[in-house]
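Below, in structure tokens: the form predicted alone, a single chain.
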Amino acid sequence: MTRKLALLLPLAMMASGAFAQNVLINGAGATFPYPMYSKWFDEYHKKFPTLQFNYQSIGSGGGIQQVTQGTVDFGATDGPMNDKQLMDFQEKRGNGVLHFPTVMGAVVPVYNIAGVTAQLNFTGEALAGIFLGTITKWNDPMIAKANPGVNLPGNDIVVVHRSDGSGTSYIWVDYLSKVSKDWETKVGRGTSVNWPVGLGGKGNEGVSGQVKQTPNSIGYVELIFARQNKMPFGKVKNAAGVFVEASLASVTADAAGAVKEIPDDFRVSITNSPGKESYPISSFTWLLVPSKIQDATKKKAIADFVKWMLTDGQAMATALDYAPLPKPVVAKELKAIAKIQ
């Protein structure tokens, strides 16, 4: 083999989608999409055996921190980075970070009330009041009014929230901020907030464990987690005034109400979007990819994976209880891949 041919062969393999040597891509972040990402990384590894993804499911806050510090090749979050975090990334890395929505999901109120078998209805005002500590009894008129015919006890409500930095929390408090001025001014948005009341649990496991073992409690977890653990969860009143149960269809309906105004950087909140069928506590989850990647092989690997994830990968979402992205969002993201340099 001539020296010229030896140099061209690896380039030809890369051009065809193969990799001449083993490539390891490290990522970390959100727990919510972990089952989906695990499936995608496994399927993609089957296509390209020399390419391996190592993803650590440590929470959205950790994902943002690690990609900013440069200890991973990409991050993942259920809540988009805010302006301060983007500036911090720019200062530390010398370049920007791109948000790529991957799939969609929902956060649901889960509860443990002895003797109550009916699926409860919750208004946004009631949920905000409960988590602010201003609604303290299960038979409070604001809860009872939304649940006619349900025999609610007069017991004290025990609130359970996340104790760690969490995209799930971001989605929850983003929704509460939209439906309650009191919540917006007193607590606000963030992957971590100063909770007015309640017990803390780490991860979805911690919250669900606290709710399961604590009578008269309420918490919030991702829809997938509630279903897998057979936990009762409530319907939530949407912007159209309809109490809607979280489902793949109602999450997709929520996104459809917001995609017309999705910005070029994809940092968008779809909570409380218009539409009678929309479940209001829904969100995208994002990959965080540096806009400049020095390693050419890794740059190609990540860009090619994102393209595959947005096309072939979307067909795998519903089997794992995730909602696939709306087609207009996919089309816009495919164009944005060119920003990875």
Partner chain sequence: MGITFLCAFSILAITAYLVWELWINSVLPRHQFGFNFLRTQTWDPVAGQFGALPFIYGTLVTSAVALVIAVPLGVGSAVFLAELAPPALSDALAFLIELLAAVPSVIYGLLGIFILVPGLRIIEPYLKAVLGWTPLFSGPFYGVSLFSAGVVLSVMIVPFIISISREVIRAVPNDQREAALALGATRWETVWDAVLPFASRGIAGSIFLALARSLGETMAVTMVVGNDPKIKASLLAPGYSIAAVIANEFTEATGELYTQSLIELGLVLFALTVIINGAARLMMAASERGKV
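Positions refer to the first chain, counted from 1. A quick note: this is a predicted structure, and the numbers were derived from the prediction, not measured.
Here the subject shifts to the form predicted in complex with the partner chain, a form of this protein not shown in this document.
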Legend entry - 4.5 angstroms heavy atom contact with the partner chain in the predicted complex for residue 165: yes
Inset, instruction - Using the partner position in the predicted complex, report whether residue 213 sits within 4.5 Å of the partner chain, counting heavy atoms only. - result: yes
Legend entry - Touches the partner chain in the predicted complex: residue 138 (any heavy atom, 4.5 Å): no
Inset, instruction - May I ask you to state whether residue 62 is within 4.5 Å of the partner chain in the predicted complex, using heavy atom distances? - result: yes
Legend entry - the partner chain: the contacting residue among 146, 187, 98, 262 in the predicted complex [heavy atom, 4.5 Å]: 187
Inset, instruction - Would you kindly say which of 58, 310, 293, 36 lies with a heavy atom within 4.5 Å of the partner chain in the predicted complex? - result: 58
Inset, instruction - State yes only if every one of 40, 119 and 226 has a non-hydrogen atom within 4.5 Å of the partner chain in the predicted complex; otherwise state no. - result: no
Legend entry - Options 214 to 222, 267 to 275, 125 to 133, 233 to 241; stretch whose heavy atom lies within 4.5 Å of the partner chain in the predicted complex: 214 to 222
Inset, instruction - Taking the partner chain as it sits in the predicted complex, which residues of 69 to 104 have a non-hydrogen atom within 4.5 Å of it? Please list them. - result: 85
